[in-house]
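Next comes just one chain, in structure tokens: the form predicted alone.
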């Protein structure tokens, strides 16, 4: 009897413990926002286990709910992103969120593979990592959260976000919206989460937490370097300085329109945006003329360009962050130039050593550098890309020229005869990603990126032919 009594007590304690745990999750989980990193991670661990207990078709239902919630609340979160961060354009934020909601791959990206032969059957499956810590940027606080949430959950993971503090309100709002959609779709509370006041301290806690299985950092080089030194599996999406090269065989009018559209989307805050134009001298005048013909570009005189540079580049040779992501009207007004709302980009001719050729400016001010021929252009474009291996763009109708540049620059994204954003699926084929892992080599991440490969082998059996 004593043994039975002890057994009953043990069972009761276990049941009560599970009820208390369930109560905690229900009390805090519906919002997805927890007071501490530890609470968020502990709930994420529990949520991830519950996700794996659900059929894959239920995971598809959860992903569909995330997509729909992002679209339903697009106007709200887009407006909030521009208001809070002061970066980008509302209409481009709308396009960004639609892109992420509709062209981020779901569970179809982790379909298993099988091999059969004389020795039997081998099954390859993409298993989740567990709980992922995701550090997201100020530049794309909505798109990155939507994209990461779909990819990471589709792969069977839970994710704890640590958004950039300057985009805190926007990021938390987006996480709450997506979390509510997950729960409504029958997903476990806490599957995606964050803390109410993310900062460097919470980022450090997330990076060092023993129950975080993978780290993903989307942002500048410093944050990527931190996660790469963590000792954990880490994916880094770092900065870029994408050159666009135009040779004498290009459709110059089309190149001009594409460059303006690509460089000005969201006021150039995408890391994939064209940051400097390198053009063969024979067609440089035509390119500038056609850029002006679009009505979307303002050509700075040398004196005006000098004024702008003093404004947006500090005496220490750094980009003045006060003007990152600002409309071209705001920047030009500072030097006494007023342009209409149709203008999206300021352009000017520059020498090879100009600071904006070498700095990732992330604002709608574009230097144009002339080169003697395509060979010189390729060599210089590789130099200014600076080994980031991020993005490069070329306008040409010469296959050998395009091939030579692609081989030389070795970027993750290489766009030919279109705006840079075609490379992330906006007006170009293929899926989208707002975590483009150049430094760690995964490229445009998707659900499969956030998995580990498992192999199961059945020997001498199940081959039926």
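Since we're looking at a predicted model, the values are computed, not measured. Residue numbers count along the first chain shown, from 1.
Below, we refer to the form predicted together with ligand NAD, which is not included among the displayed structures.
Looking at ligand NAD in the predicted complex, residues 164, 238 and 436 each place a heavy atom within 4.5 Å of it. Note on the interface: of 277 to 285, 253 to 261, 292 to 300, 214 to 222, the segment with non-hydrogen atoms within 4.5 angstroms of ligand NAD in the predicted complex is 214 to 222. The shortest heavy atom separation between residue 226 and ligand NAD in the predicted complex is within 4.5 Å. Proximity of residue 73 to ligand NAD in the predicted complex: non-hydrogen atoms within 4.5 Å are absent; the residue sits far from the partner. Residue contact check for residue 360: one or more of its heavy atoms lie within 4.5 Å of ligand NAD in the predicted complex. Heavy atoms of residue 325 never reach within 4.5 Å of ligand NAD in the predicted complex, leaving it off the interface. Only one of 347, 99, 207, 80 lies close to ligand NAD in the predicted complex, with a heavy atom inside 4.5 Å, and it is 207. Site annotation in the predicted complex: the residue of 192, 271, 244, 152 reaching within 4.5 Å of ligand NAD with a heavy atom is 271. Residues of 115 to 139 placing a heavy atom within 4.5 Å of ligand NAD in the predicted complex, in sequence order: 135, 136, 137, 138, 139.
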